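Below you will find one chain, with nothing else, as structure tokens; this is the form predicted alone, and questions on how it binds or moves follow later.
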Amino acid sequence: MTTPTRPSLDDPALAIPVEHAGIFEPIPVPRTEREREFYDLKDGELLLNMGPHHPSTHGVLRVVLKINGEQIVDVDPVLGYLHRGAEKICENADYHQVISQVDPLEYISALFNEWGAVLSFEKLLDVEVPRRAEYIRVLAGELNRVASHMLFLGFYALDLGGITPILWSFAERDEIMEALAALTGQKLLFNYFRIGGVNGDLNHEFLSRVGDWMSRAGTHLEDGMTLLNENEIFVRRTRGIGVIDRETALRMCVSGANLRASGVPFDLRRAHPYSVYPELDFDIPTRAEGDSLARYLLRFDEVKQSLRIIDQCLHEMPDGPVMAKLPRLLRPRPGRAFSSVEAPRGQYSTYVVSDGTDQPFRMRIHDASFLHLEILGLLMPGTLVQDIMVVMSSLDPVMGGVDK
């Protein structure tokens, strides 16, 4: 029996078996109006695949570019190359186990994944967290924020072709991660926050490492800024590229540093305060330009504010317990809870439904990186192929939360 074939859409001289057409065809059969519009090529246009090309950060993503010469006409981000089913895994774990299951999502800043989950669980359980534990959460979280932003700065320069900044960034980040490892016992997926507090008090090694790093963090930060801010190639490649105006940022649900770089002073630590942030003195930096350079500079500004918060936590932390008294088996009352934290990439939210058992009946996670990738379709048309990494990296997506 002869296998039915048809001409390839890419090369009519090539015969493709009909049952395998969807596997081998570079141009898929359109299933939606959006696909029909995107894959309809006009004269001079062609499709260019970028990625997935690297097993971390911005690389676990396939981006299909529709280009005309070197100019981008349209862009289609294709997701699904990292994690799947994290929310369903959490629904099949008890409330304590969920904390370790959410760590791998936004893995560059795992403490904020845990923070969002435990806040929702504590609302369901009406738990009052000891003040010392709240201070430790803020201290550890801001250290994790600085480590995340430093990694962004290094990878941003690397995506534009610079090698030296990422070596400097990793040196700073490693000092912070060593301190957090002394506190939590792990370097990346910390599993440190607990429902009702944290898993262990501060120790001498942690305080020693943080104090040593804080003594020179400001100077190293200024050195890193000088390295890139006075680099003419870096500045000219980022200034005026990928501009997000205030109205578009609000309409597309942009949050975090990407939103504040467009002139919107919205930060959950001030807009919807949680933990002990209302007791701390810090500013919410903003930039008006909304371009890739502004998003980079704003994260430097945020690191400075995080250093202020860390210093206050170290000097004002009260004595007391670090865990509320709770039973090992938790069965919250039936109901639902929603919480949000200001993570390094923006608003990270957790929605939980309890049915009275020891496992969440439903759990949904809102990750900012997913929404930030959606805006690529508005930013890229009219720019050049070389600008795709400039814009995408400036949004600082982490694919673990996107693919969840």
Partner chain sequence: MDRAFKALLERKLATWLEGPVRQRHDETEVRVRAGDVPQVMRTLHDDSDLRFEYLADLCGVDTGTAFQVVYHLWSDVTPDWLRVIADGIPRDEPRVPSLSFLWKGAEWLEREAYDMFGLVFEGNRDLRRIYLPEDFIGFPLRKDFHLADDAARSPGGGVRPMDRPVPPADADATTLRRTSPGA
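Worth saying up front: this structure is predicted, and the values here are computed from it rather than measured. Numbering follows the first chain given and starts at 1.
Quick note: we don't show the form predicted in complex with the partner chain, though the next part is all about it.
S.K.: Which among 119-127, 137-145, 278-286, 293-301 is in contact with the partner chain in the predicted bound form, heavy atoms within 4.5 angstroms?
M.R.: Correct option: 119-127.
S.K.: Can you pick the one in Arg269, His83, Arg131, Arg194 that has a heavy atom within 4.5 Å of the partner chain in the predicted bound form?
M.R.: So the residue touching the partner chain in the predicted bound form, by this definition, is His83.
S.K.: Please tell me which of Leu314, Leu79, Ala324, Ala181 lies within 4.5 Å of the partner chain in the predicted bound form, judged by heavy atoms.
M.R.: Of the listed residues, the single hit is Leu79.
S.K.: Just to confirm, Ser208 within 4.5 Å of the partner chain in the predicted bound form by heavy atoms?
M.R.: Heavy-atom contact with the partner chain at 4.5 Å: absent for Ser208.
S.K.: Please run the contact check for Lys88 against the partner chain in the predicted bound form: heavy atoms, 4.5 angstroms, yes or no?
M.R.: The answer is yes: Lys88 has a heavy atom within 4.5 Å of the partner chain.
S.K.: I'd like to know if Ala217 sits close to the partner chain in the predicted bound form, meaning any non-hydrogen atom pair within 4.5 angstroms.
M.R.: Output for Ala217 is no: heavy atoms all beyond 4.5 Å of the partner chain.
S.K.: Taking 4.5 angstroms as the cut-off for heavy atoms, does Glu33 touch the partner chain in the predicted bound form?
M.R.: Contact check for Glu33: yes, within 4.5 Å of the partner chain in the predicted bound form.
S.K.: Just to make sure I understand: among 148-166, which residues lie within 4.5 Å of the partner chain in the predicted bound form, judging by heavy atoms?
M.R.: The stretch does not touch the partner at all.
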